[in-house]
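First, one chain by itself: the form predicted on its own, in structure tokens.
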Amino acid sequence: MSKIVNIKNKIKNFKKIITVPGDKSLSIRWVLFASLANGTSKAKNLLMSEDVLAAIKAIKKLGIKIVIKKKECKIFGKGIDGYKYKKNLTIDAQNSGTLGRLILGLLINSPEPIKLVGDKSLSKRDFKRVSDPLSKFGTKFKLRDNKFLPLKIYGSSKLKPIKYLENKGSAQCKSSIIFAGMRTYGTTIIKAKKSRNHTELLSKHLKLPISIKSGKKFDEIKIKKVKKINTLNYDIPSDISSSAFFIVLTVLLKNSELIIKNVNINPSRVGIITILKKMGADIIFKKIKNYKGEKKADIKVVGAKNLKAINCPPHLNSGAIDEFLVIFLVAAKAKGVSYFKNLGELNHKESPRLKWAEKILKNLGVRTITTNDSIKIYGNPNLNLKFNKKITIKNYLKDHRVFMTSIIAALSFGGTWNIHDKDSINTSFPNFLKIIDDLKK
């Protein structure tokens, strides 16, 4: 039976300090790097969500020992060639596109075929975008309908380096090729459209043989075969994608103030901050620190008095790709018409998110014009739903961001909401509703 959250009242003004869980992208990457290290790596503030637990289960199946205590995770790495490849091995990525795509890059030299499966949502996402470049290394794949999970990967002992153009702005595809390059003699060269760069930064911090030449729209990444990876002890910063929901809630609430502690503010991830500031939001970074290649800070947000529309520059898209659903709520209350374009990548997420944006905004009474890769939002600064306006959100492929965006919309604009599939948040942010409750107190 579907678990439903009912919201009947808007949230009142607040002045709070909160902490959100560890960054999901960094948590999954730490698990993978630590599994390849020589020795024991430790992590604090590891995100204990279904996606990260799926990564832990995956490397356990590859023969790596893990010990999880209340505040610390230990991974006992066996080196770059330390995986054990059993016959008839199946790895379940569950809902995690990051895990599913990245781990394939590490499995390209498996002497045994490995089956990769995922849940209903992940099984509808495009894996050909990863299998195509990985095939160039000499690995073979068999995909359902030549595109989807489940798939089988047939590794090769005769890998060759490749040159590849990654022009979708997908950090998952880029990272998968980087991992494959670590297993391959010679130099793999990737010309990659700008996207989040956690894999590169961790590789540089670990002093792996990687070089990055940064351009305006594309980066050139060169990676050589890795002989050894040192252990990685990591206090994982908080997730800016998770923080985004509370940032927007505060922006939409006049006379409110919020500080979110110790958040990852990697420049490739702060597109939401840039966009919201252009729309009139009052957001500042405090106590900025460099940490193992990444940047982190406390984020202070003050409720906005006047929000203005934006013609969003497409070069900001990759740095905000996971946050657009909740950004659209700000556009709904901004003065004027906001325009977001070149967003086809949103339809390759857990659900077709542009369609869901249109549905949520329509429920709010906000006019939109939506295409396959763009949306115009006709903002209403006085947006405020009557109590008897009933809205139901369901059948969204359990996309955690659709659920959380709907919660923020309900708390910000009023109405009576029934939001199904509460368990969807377990993939990325299990204690989301607890923090919401804390803000209500």
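Because the structure is a prediction, the values reported are computed rather than measured. A residue's number is simply how far along the shown sequence it sits, counting from 1.
We do not show the form predicted together with a small molecule, though everything after this point is about it.
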Exactly one listed stretch (298-306, 273-281, 331-339, 170-178) reaches within 4.5 angstroms of the small molecule in the model of the complex by non-hydrogen atoms, and it is 170-178
Even though the small molecule is not shown here, does Asn95 get within 4.5 Å of it in the model of the complex, heavy atoms only?
no
Check Thr427 for me: does it contact the small molecule in the model of the complex (non-hydrogen atoms, 4.5 angstroms)?
no
Even though the partner isn't displayed, in the model of the complex is Asp322 close enough to the small molecule, meaning a heavy atom within 4.5 Å?
yes
In the model of the complex, Arg101 touching the small molecule (heavy atom, 4.5 Å):
yes
Could you tell me which one of Lys224, Arg129, Lys193, Lys359 places a heavy atom within 4.5 Å of the small molecule in the model of the complex?
Arg129
Could you tell me which one of Lys261, Lys349, Lys78, Lys292 places a heavy atom within 4.5 Å of the small molecule in the model of the complex?
Lys349
